[in-house]
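In structure tokens, the next block holds one chain alone, the form predicted alone.
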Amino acid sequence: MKTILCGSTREVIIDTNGPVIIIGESINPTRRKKLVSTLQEGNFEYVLELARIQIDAMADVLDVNVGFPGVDDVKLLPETVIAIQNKFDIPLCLDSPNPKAIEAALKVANGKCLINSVNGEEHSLNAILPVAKEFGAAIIGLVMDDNGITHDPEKRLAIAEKILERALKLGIKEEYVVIDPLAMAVSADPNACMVTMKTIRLIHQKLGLNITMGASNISFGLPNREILNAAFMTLSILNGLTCPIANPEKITAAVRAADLILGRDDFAMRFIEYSQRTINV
């Protein structure tokens, strides 16, 4: 299954057969006070710096989230999209719970974007799917619904099936439905990672869709987070993860190594390219 995203001219193919595509997570005001303050001033220099850093660290797609208390994201999200695409040719993942902000951003965005996100709740499906269809965007579907978050992998699969069914009914092709199996903090639930990996495996085997997730969620509140995230990332890739949302500075090494070990990197070219780049930095 291939999900094709585009910037102004650059095309990125997310493929269930690999290699893994990295969606850079860093343009997000959470824990970044400087991003909040600069966006409040209408200053996009820090956004562009974060974009450049992630692209240099080999992000393939950039997640763009400008949400913080009091923000007019219907105005700010499209302004941020324009600023990034005026400087960089890279596909974007538009990240907002506000359908109006997503729609406003899609109106000005070049290429084919990914929407982060829809879920199995009725109001989410009814609000986001028509926008995705109208603008030809791909969607991320989170496996939660009106009953909340289940800890049963089979029930998470059922929610993924519901999202896919509703998307297909509206005319969105299955290759443009990417599923997020939900990665939860292992410090709060010792079985959280196992539930996520079982969900990944079920979705990969039964639906054949591309799979994303927030790669750093599992280590929240624990020491040595990078080690935990890298281990979980590698195991998740083995089970079917294809396009994690992560900090490329922290995770690219593990991703390139996993791709090479799994036979997705002919003659180790991508691994060598990454290694040489890090040596030269």
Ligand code: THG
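Keep in mind the model is a prediction, meaning the values are calculated, not measured. We number the residues from 1 along the sequence you see.
Quick note: we don't show the form predicted in complex with (6S)-5,6,7,8-tetrahydrofolate, though the next part is all about it.
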(6S)-5,6,7,8-tetrahydrofolate contact at residue 119 in the predicted complex, heavy atom, 4.5 Å: no
Residue 220 within 4.5 Å of (6S)-5,6,7,8-tetrahydrofolate in the predicted complex, heavy atoms: yes
is_contact(residue 214, (6S)-5,6,7,8-tetrahydrofolate) in the predicted complex, heavy atom dist at most 4.5 Å: yes
4.5 Å heavy atom contact, residue 142 and (6S)-5,6,7,8-tetrahydrofolate in the predicted complex: yes
Options 134-142, 199-207, 102-110, 83-91; stretch whose heavy atom lies within 4.5 Å of (6S)-5,6,7,8-tetrahydrofolate in the predicted complex: 134-142
Candidate site 25, 31 and 225: all three near (6S)-5,6,7,8-tetrahydrofolate in the predicted complex by heavy atom within 4.5 Å: yes
Option touching (6S)-5,6,7,8-tetrahydrofolate, based on a heavy atom within 4.5 Å in the predicted complex, out of 66, 241, 255, 245: 245
Within 4.5 Å of (6S)-5,6,7,8-tetrahydrofolate in the predicted complex: residues from 184-208 (heavy atom criterion): none
